[in-house]
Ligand SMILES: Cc1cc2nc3c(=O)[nH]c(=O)nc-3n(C[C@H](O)[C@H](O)[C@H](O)COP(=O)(O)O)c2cc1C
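What follows is a single chain, given as structure tokens, in the form predicted alone.
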């Protein structure tokens, strides 16, 4: 087993951050650690207790570079679609944008790229079908990220490569018509492990009892 930070469940849940600038690209991630985290992840609940998920971990440098290039171009598509948004970002949003740009520039350097997938596509499907598919894979992804955090690893769920999902499927040999990619997650040890609680809106601004 990999060394654990021995965090409590509450500590893991409240300090698992989207890590970008503090990913340690110089340190390899052991295959055994990835498999430990995935062993935990597959215990996550799924719709109708179906486990029709698949998990691709990419360590080969040339393939990582191809995925990183797809991610960069997918990000350009996403940013172009937001071109008319108000550019008067808050300082928090400005920092997030800056760290996102950093990850775009360095994605290929992550020692492991994780591509979670699910059987069955939801393109143009009714909302109930979409919720079922995404609700099956997302808990497992989050469980992986939590397990990684407790082992000193950082992760960041990204989705912008999905603008070019079919191209990524070709790179990875995924049967696009049958299998849907859900994200692209860099995995690396972190520079330091002292992640804090994030600033969030007060509960009273998001909490509803009985009805809206």
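The structure presented is a predicted model; accordingly, all values stated were derived computationally and were not measured. Numbering follows the first chain given and starts at 1.
Note that the form predicted together with this ligand isn't included here; everything after this is about it.
Q: Can you pick the one in 180, 160, 37, 58 that has a heavy atom within 4.5 Å of this ligand in the predicted complex?
A: None of the other options qualify; the answer is 160.
Q: Would you kindly say which of 140, 113, 103, 117 lies with a heavy atom within 4.5 Å of this ligand in the predicted complex?
A: Looking at 140, 113, 103, 117 one by one, just 103 meets the 4.5 Å heavy-atom criterion.
Q: Could you tell me if residue 9 has a non-hydrogen atom within 4.5 Å of this ligand in the predicted complex?
A: Residue-level check for residue 9: no, no contact with this ligand.
Q: Would you check, heavy atoms only and a 4.5 Å threshold, whether residue 18 touches this ligand in the predicted complex?
A: Contact check for residue 18: yes, within 4.5 Å of this ligand in the predicted complex.
Q: Evaluate residue 147 for contact with this ligand in the predicted complex, applying a 4.5 angstroms cut-off between non-hydrogen atoms, and reply yes or no.
A: Contact check for residue 147: no, nothing within 4.5 Å of this ligand in the predicted complex.
Q: Given that this ligand is not shown alongside this chain, does residue 108 nevertheless sit within 4.5 Å of it in the predicted complex, heavy atom to heavy atom?
A: So residue 108 does not count as contacting this ligand.
Q: Could you run down 171-197 and flag each residue that has a heavy atom within 4.5 Å of this ligand in the predicted complex?
A: Contacting residues: none.
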